[in-house]
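First, one chain by itself in structure tokens, the form predicted alone.
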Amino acid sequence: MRIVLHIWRQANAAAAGRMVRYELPNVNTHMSFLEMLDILNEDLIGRGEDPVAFDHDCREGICGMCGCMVNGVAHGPLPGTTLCQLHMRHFKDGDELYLEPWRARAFPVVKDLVVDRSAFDRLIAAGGFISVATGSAPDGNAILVPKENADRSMDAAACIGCGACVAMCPNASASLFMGAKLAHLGLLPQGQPERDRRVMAMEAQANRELFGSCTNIGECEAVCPKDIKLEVIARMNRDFLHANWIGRGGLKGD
């Protein structure tokens, strides 16, 4: 089938960008979206032109590397799907697709569709960890965890840090990402000793990274490829209020 692409081309962070039109006349419906971009790049390289830069790694929906806006929707039109797992059979012959990088102050463009998401790394470094002694794995029943908590923690841990939630949010908020990381640790016994300090540290780092505030619009949940729910944001807000109140001496360590 024939696909027309309008792709954001930008040489580097300091350069001006623009949309460039490309036409692919023989796209196989069994191709993944990234394989379609590979075909485009092979053609551009063959003509001596600069290939389109885009992030990718595992191409199995696990690593969180890939991602761009497709017709204004993060990861494209199929819900619960990363860009690498989106296949061309979900488009029609003659479709025109507009591809742009994530748009957020915290995610500056590196080149074309590639953005710098190291702000997420700094959020994790600020508080997305637990301090425990390393060594051999403990017995599975050494610390009992209610099944409901274990299930909810694993659901939150499914977050791959792709950044779609930030890109789709009108405020460029990282609340869904932070909420997922905080719920993942805060629902387990191992995460309790640093629970208050963790949420305060990550919130402070989010402000330094210039992420916006959450206004519960829900666009983040709608485009999350791992179906992380808004409830993790509510839990994060509750933890933040609790930690802030303790810090002011209101609850005396409750």
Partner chain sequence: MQYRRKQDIHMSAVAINPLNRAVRFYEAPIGKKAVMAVTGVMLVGYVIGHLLGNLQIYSSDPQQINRYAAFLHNPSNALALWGVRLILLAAVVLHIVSSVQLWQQNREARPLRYYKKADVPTSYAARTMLWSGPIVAAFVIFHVLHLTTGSILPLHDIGPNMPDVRYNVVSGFQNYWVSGFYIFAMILLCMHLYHGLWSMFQSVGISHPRYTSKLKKGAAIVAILIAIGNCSIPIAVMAGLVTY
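Positions refer to the first chain, counted from 1. Only a predicted model underlies this, so the values are computations on that prediction, with no experimental measurement involved.
In what follows, reference is made to the form predicted together with its partner chain, a form of this protein that is not presented.
Trainee: Check for me: heavy atom within 4.5 Å of its partner chain in the predicted bound form, for each of Met19, Arg238 and Leu241, yes or no.
Mentor: Each of the three qualifies.
Trainee: So in the predicted bound form, is its partner chain close enough to Phe211 to count as touching (4.5 Å, heavy atoms)?
Mentor: So Phe211 counts as contacting its partner chain.
Trainee: Just checking whether Ile217 would be counted as a contact of its partner chain in the predicted bound form - the rule being heavy atoms within 4.5 angstroms.
Mentor: Yes.
Trainee: May I ask you to check whether Ile62 falls inside a 4.5 Å heavy atom distance of its partner chain in the predicted bound form?
Mentor: So Ile62 does not count as contacting its partner chain.
Trainee: I'd like to know whether Arg105 contacts its partner chain in the predicted bound form, with contact meaning heavy atoms within 4.5 angstroms.
Mentor: Arg105: contacts its partner chain in the predicted bound form.
Trainee: The chain here is shown without its partner chain. Which stretch in 122-130, 154-162, 85-93, 71-79 comes within 4.5 angstroms of it in the predicted bound form, by heavy atom distance?
Mentor: Comparing against its partner chain in the predicted bound form, the contact stretch is 71-79.
Trainee: Which residues in 158-194 have a heavy atom within 4.5 Å of its partner chain in the predicted bound form?
Mentor: Counting only heavy atoms within 4.5 Å of its partner chain in the predicted bound form, the contacting residues of 158-194 are Val166, Ala167, Met168, Cys169, Pro170, Asn171, Ala172, Gln192.
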